[in-house]
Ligand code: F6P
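Single chain ahead, by itself, as structure tokens, in the form predicted alone.
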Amino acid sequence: MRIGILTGGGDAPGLNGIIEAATRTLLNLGHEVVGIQDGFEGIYSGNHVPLTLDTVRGRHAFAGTLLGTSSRSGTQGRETEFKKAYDKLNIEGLIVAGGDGTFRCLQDIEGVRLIGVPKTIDNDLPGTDATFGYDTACSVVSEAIDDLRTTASAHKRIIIIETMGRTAGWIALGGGMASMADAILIPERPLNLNKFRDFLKSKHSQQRGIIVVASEGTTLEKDVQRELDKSGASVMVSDYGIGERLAKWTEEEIHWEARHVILGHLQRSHPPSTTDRFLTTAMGIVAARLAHKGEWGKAAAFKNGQVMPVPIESLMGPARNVDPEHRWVKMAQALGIFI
């Protein structure tokens, strides 16, 4: 068969591992493999490249995606155009590393035979116990905490590290736990500013610096929302993230010098960790074997400690957020971490 591989949505550490493992497996099974460039844009434009052993060998060690990716083009209202462009590629099936939105777009196109690989560093897709790129993102956060703890102590400062995670706090929780941050703030556990103020005051006389890790989507308990926004400098507008707002609030309320650091796309751009390399290798192999056997409509997911086929629809349910009483939360509390 002639099989296409496509990466859609935002990049994640490990995408090249999926491409390399799937390509090598398919080639060994006697198939032809082509890479669709720049996500759905490559479908519409017809831009694709042959994938050979020389093309993919060793690429698993690099971040990004050798095929390029994009979230700018969808299929809604363009289904007929998409199907015509897809047919011109003369491929018999498509392996796609993407998220919920990517899979939903493709499922609406009749005649597209699909194998999915769940992708998001946020780790919040249902139907899989973990997504590739998450471990790497947590490593970036934990390394940043370790580095910034020294400067926080040197200058007697609070440093607030803002991580990705608009609706799910997995990255802040995993990275914060790995480096034993002083406080971890996640969307699933709304922040009580009064309790947070008391915590910071208790630490002020005990240690020189403090590290707070906050998901970008950190929410506040309703009864204290106004308190964070009472000063003009702290009003919630699109230009201010939770890290900056909390830093300003801390200086006003605790009189403790504070700084904020936004890690942003650094969490996406780091070379994949060993754990993510193992995960993407296994996922790429399973995805290729599913295509080889013609088991379309399935995805390679991580369940119960191994990569296995699951219905692709199982990846499209509600987001898999952190349980507010998750065992990691209990571990943080046992360590005296504010969460």
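Throughout, we count residues from 1 along the sequence that is shown. Treat the numbers as computed from the prediction; the structure is a model and nothing was measured.
One more form of this protein should be noted, the form predicted together with 6-O-phosphono-beta-D-fructofuranose, which is absent from this view; the next part is about it.
Chemist: So which of 120 to 128, 204 to 212, 107 to 115, 186 to 194 is the stretch with heavy atoms within 4.5 Å of 6-O-phosphono-beta-D-fructofuranose in the predicted bound form?
Modeler: That would be stretch 120 to 128.
Chemist: Please determine whether D100 contacts 6-O-phosphono-beta-D-fructofuranose in the predicted bound form, using a 4.5 Å cut-off between heavy atoms.
Modeler: No, D100 is distant from the partner.
Chemist: Taking any heavy atom pair closer than or equal to 4.5 Å as contact, tell me whether R157 reaches 6-O-phosphono-beta-D-fructofuranose in the predicted bound form.
Modeler: R157: no contact with 6-O-phosphono-beta-D-fructofuranose in the predicted bound form.
Chemist: Given that the partner is absent here, does R268 sit within 4.5 Å of 6-O-phosphono-beta-D-fructofuranose in the predicted bound form, heavy atoms only?
Modeler: Looking in the predicted bound form, residue contacts with 6-O-phosphono-beta-D-fructofuranose include R268, since a heavy atom lies within 4.5 Å.
Chemist: Just checking whether E216 would be counted as a contact of 6-O-phosphono-beta-D-fructofuranose in the predicted bound form - the rule being heavy atoms within 4.5 angstroms.
Modeler: The answer is yes: E216 has a heavy atom within 4.5 Å of 6-O-phosphono-beta-D-fructofuranose.
Chemist: Sort through V96, I161, I242, M164 and report the residue having a heavy atom within 4.5 Å of 6-O-phosphono-beta-D-fructofuranose in the predicted bound form.
Modeler: Filtering the options by heavy-atom distance leaves M164.
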